[in-house]
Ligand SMILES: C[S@@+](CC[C@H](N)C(=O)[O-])C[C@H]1O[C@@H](n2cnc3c(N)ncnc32)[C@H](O)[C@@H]1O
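Just one chain follows, in the form predicted alone, and it is written as structure tokens.
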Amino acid sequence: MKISSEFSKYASHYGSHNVIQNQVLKRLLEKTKYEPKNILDLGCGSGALCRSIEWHYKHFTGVDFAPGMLELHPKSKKIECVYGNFNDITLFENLLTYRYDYIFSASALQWAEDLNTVFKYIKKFNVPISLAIFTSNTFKTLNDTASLKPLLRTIDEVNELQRKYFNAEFEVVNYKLEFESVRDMFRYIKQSGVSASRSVLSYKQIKQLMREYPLNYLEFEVVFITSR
């Protein structure tokens, strides 16, 4: 297990709320060891992975449960968008009727209700993988300050599950994202989607948290699971 750290500055005037997700995607592609031709992207969103691929491929299938995201995804004769939820095994049973040579998932599988089952079905494709999953130390200081239980699985939980199914490299990367003010930080949390739209604090509690939060940055913890 390799642990590294990266640091970024968030510029709110750029209007980009996926700063960390974009860095995660870049790293995921850098770790891909060859140029697959038939690609499956689980949790494709609006198509960030598809837009980032620079090599020639034959077919790209992007899967997401948000119709609004799929509407924004690139479209072409070789790009297929599939409406589906990776928490539904019927989706995987349908996808298994197709042939892929690589599976990607960038910043999505942390929301799997049963990650063990998702990994089990990914294994059935018997192809290389590149997965990036946010883990429990994301927003660690914020959760500690507000006495909130982390939403996400720990590194050890994800590692134990992936070792059951994959012969993969397991890398942990810690990111820090700086903000000009605590208000900008909370605006980012609300607009970026990284909190899964969790709303568990009252307005009064949020104001108190903004006063007491001790850092000028947010922490993110991501594991990369990539075929050897």
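Just so you know, these numbers come straight off a predicted model, no measurement behind them. Note that residue numbering begins at 1 and tracks the sequence as displayed.
One more form of this protein, predicted in complex with the named molecule, exists but is not displayed; see below.
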(request) Would you mind picking the one in 108, 158, 81, 129 that has a heavy atom within 4.5 Å of the named molecule in the predicted bound form? (result) 108
(request) Could you work out which of 48, 189, 177, 172 is the residue within 4.5 angstroms of the named molecule in the predicted bound form, going by heavy atoms? (result) 48
(message) At 4.5 Å between heavy atoms, only one of the stretches 54 to 62, 39 to 47, 164 to 172, 177 to 185 reaches the named molecule in the predicted bound form; which one is it?
(response) 39 to 47
(request) Would you please decide whether residue 94 lies within 4.5 angstroms of the named molecule in the predicted bound form, comparing each non-hydrogen atom pair? (result) no
(message) Just checking whether residue 69 would be counted as a contact of the named molecule in the predicted bound form - the rule being heavy atoms within 4.5 angstroms.
(response) yes
(message) Is residue 116 part of the interface with the named molecule in the predicted bound form - any heavy atom within 4.5 Å?
(response) no
(message) So, residue 85 and the named molecule: in the predicted bound form, are they within 4.5 Å at any heavy atom pair?
(response) yes
